[in-house]
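For reference, the chain that follows is the form predicted on its own, supplied as structure tokens.
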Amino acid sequence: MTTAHETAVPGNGAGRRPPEAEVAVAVDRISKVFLPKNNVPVPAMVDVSLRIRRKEVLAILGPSGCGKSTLLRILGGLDTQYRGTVTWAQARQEHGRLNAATVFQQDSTLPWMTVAQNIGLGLSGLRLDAAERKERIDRYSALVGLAAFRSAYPHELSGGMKQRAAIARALACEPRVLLMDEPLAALDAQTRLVMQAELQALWRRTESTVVYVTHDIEEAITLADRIVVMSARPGRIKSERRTDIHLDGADGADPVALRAHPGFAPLARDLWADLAQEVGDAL
């Protein structure tokens, strides 16, 4: 069995949240087994334990099939068939707020709805009055830069704008934890860089707690305060590394400038060293 270790990466002291911040949600010894049609059990994860801290961005790296997305589904309440426990710091649902909301990789906007209607869709179960609902739609569409496109339909938007609408829909629920499952994977390289900077700025303004699944090492370093590497299936926590190389500035880190930071390349090499064997084992 692999043993997790946590490494602090020196930087310029611009990390968003110290490691001792209070825990938002605790994951203890989560294991998940799938039972396909041939009835041969397929273990996805074994004894995964994590502490997700308030206002932290936690990135999860790992090879395909290691249980990254399954863990997000469990945190989001979309999968309840597992062993282990998920404990929220605040157990009760607050008025107008969810424990978790998810942004997926694929375009999840509904084509027959406007941007405002798509954002409002996530609010349908929160029992908000009409004024509260409108205020949230207006506030979060403006926050992601879509105020002028509230009446537009998805076919009138670029790929990046559609993802911003999906992010606004999740943020409008004001979740305790924002779950993001490779939300930029379908975008071209230039748009991904722009969106990475926008996400950094957005999370700082909203003081979000984020769990971010990605296959991209550079994206994980750019966005995260802490990076968890999972082993090949069945997924276990192989290593944890803190990042502290983010640049100062109210608009968030410049992803291109960040890659020139002296701590960036060594961290990328260390993460690849953690991942390389696992990726090979998953083939």
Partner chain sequence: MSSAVTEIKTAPAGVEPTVDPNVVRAAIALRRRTMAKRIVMGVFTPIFFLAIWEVLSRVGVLDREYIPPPSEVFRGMGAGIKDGSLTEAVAHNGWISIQRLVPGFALGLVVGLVAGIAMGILDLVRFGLRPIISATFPIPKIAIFPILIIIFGIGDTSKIVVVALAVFYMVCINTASGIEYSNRIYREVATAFQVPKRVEYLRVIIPSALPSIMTGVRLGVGNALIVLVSAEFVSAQAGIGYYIWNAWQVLDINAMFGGLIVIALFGILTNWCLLALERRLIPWSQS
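Fair warning: this is a prediction, and the values are worked out from it, not measured in the lab. Positions refer to the first chain, counted from 1.
A second form of this protein, the form predicted in complex with its partner chain, is not displayed here; the remarks below concern that form.
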Fill in the blank from the handout: Only hit among Asp188, Glu132, Asp107, Glu207 for heavy atom within 4.5 Å of its partner chain in the predicted bound form is Asp107
Problem - Contact residue in the predicted bound form, chosen from Arg192, Arg150, Arg176, Arg73 - any heavy atom within 4.5 Å of its partner chain - result: Arg73
Exercise for the section: Report whether the minimum heavy atom distance between Ala170 and its partner chain in the predicted bound form is within 4.5 Å. Expected result: yes
Handout entry: Contact flag, Gly77 vs its partner chain in the predicted bound form, heavy atom cut 4.5 Å
Key = yes
Practice task
Although its partner chain is absent from this view, report whether Gly122 comes within 4.5 Å of it in the predicted bound form, heavy atoms only.
Solution key: yes
Exercise for the section: Would you check, heavy atoms only and a 4.5 Å threshold, whether Met113 touches its partner chain in the predicted bound form? Expected result: yes
Handout entry: Stretch in contact, per heavy atom within 4.5 angstroms of its partner chain in the predicted bound form, of 207-215, 162-170, 192-200, 135-143
Key = 162-170
